[in-house]
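Only one chain is shown below, in structure tokens, and it's the form predicted alone.
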């Protein structure tokens, strides 16, 4: 068996970014993901490419500068998937952050963006702010800071990264579970992995370097790998403190602007315009590491908390009902402060028999990949001082919205989709339709069946599975928003 240079465990945007960069540097690469690509936190973000305005308050200037640099790079790499948007940051009489402090922060944000900056910040008085966005509450409103960040289609950008990795020779294996791992017998070391593919067959992978990039589950993966590769050693201490972030999807709540409001504890509440909808989030609930089985699921209290905040801060939007809810687990480093002060720093750990990547945020996935690749190249005995990570364009999605059957066929053929919900939720925006895409799910499944050889029974199973996901989500929303339901603040730790 010929060993590959690198095996990456984890198909989120971090793992895919590493696979892409390593393949572009001529390494032979295999990536193994137990679910769909970008099916975890990488498709459950606030859909922002941003520096993190709130991180300035905690002095994380280097992180903000790096993230703003990466924002500029990704806007060049994927202009059809990421676009600038103007933000309103309202300040009220009762707020902890005063107008002068916000203005200083926005000025610093512009400076840190450097040559990659977008439209500079400005200030609007209370009346002007309400004129810009009539849904805003005018109660106690002193004014709004205006600044620019970027909105991104997080899932489809991640898939574009995957396509680029494959185009440069990386082998991607979604829906593949790690069965076993043992040290390789060859003199150069490495690992021998056994993986069960999506079709149920077993594959063996010999890898000179193994990288654990499994996000919020990195501690669990580290534990299992170390038990297999270094038996007899005590289980490692956790390095993560994952937190759950929940978002609601509404009909459009604002005219065109995004809105950010800083909570009393430093957390940020966003309204983000995306694909004709408004994404509202987010919560911060530390779930422990490794996360319990149900840790990624949103709760009734979190939905009520976000809905109440929406009604309170955007009363002019009327009484909209959320169309959808989604959530994910952020892989925060345990050393970080929990909640709003968490900085989203990342780290690459040397676990002896393998490397682990933990922490970070979506916006900085390229920088995380570059640091991880330096460690990989050092292990391979290759020069690691010059990483070529120029922001070359990523594969662009087809112009417009393809008809559903073609969308299913294309996703199965070129975008590694193996399940119907992979396409509905992460290769298209069909999940954002009023009916959540149920009206065209059969056509999408038919297109996938033609590429994947599904039987009529398999097509029916896939449709039933997607309908179950949608109906379960709708039932949760209905329970959370039932009339006179008591509201608890389930968004804080």
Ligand SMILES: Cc1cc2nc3c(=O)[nH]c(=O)nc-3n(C[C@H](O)[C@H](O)[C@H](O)COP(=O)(O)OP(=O)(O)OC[C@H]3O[C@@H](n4cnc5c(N)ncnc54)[C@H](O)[C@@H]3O)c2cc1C
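Numbering follows the first chain given and starts at 1. These numbers were taken from a predicted model, which means no experiment stands behind them.
Keep in mind that the form predicted in complex with the ligand is missing from the display, and what follows is about it.
query: What stretch, of 420-428, 42-50, 434-442, 459-467, brings heavy atoms to within 4.5 Å of the ligand in the predicted complex?
result: Answer to the contact question: 42-50.
Option touching the ligand, based on a heavy atom within 4.5 Å in the predicted complex, out of 307, 156, 247, 277: Selected option: 247.
message: Contact check in the predicted complex: 11, 32 and 217 versus the ligand, with a cutoff of 4.5 Å between any heavy atoms. Do all three pass?
response: Every residue of the spot touches the ligand in the predicted complex.
message: Please determine whether residue 129 contacts the ligand in the predicted complex, using a 4.5 Å cut-off between heavy atoms.
response: Although the ligand is absent here, residue 129 would stay clear of it in the predicted complex, with no heavy atoms inside 4.5 Å.
- prompt: With the partner left out of view, is residue 329 within 4.5 angstroms of the ligand in the predicted complex by any non-hydrogen atom?
  reply: Residue 329 belongs to the contact set for the ligand.
query: in the predicted complex, does residue 210 have a heavy atom within 4.5 Å of the ligand?
result: No, residue 210 is distant from the partner.
field: Close approach of residue 356 to the ligand in the predicted complex, 4.5 Å, heavy atom
entry: Residue 356 lies outside the contact set for the ligand.
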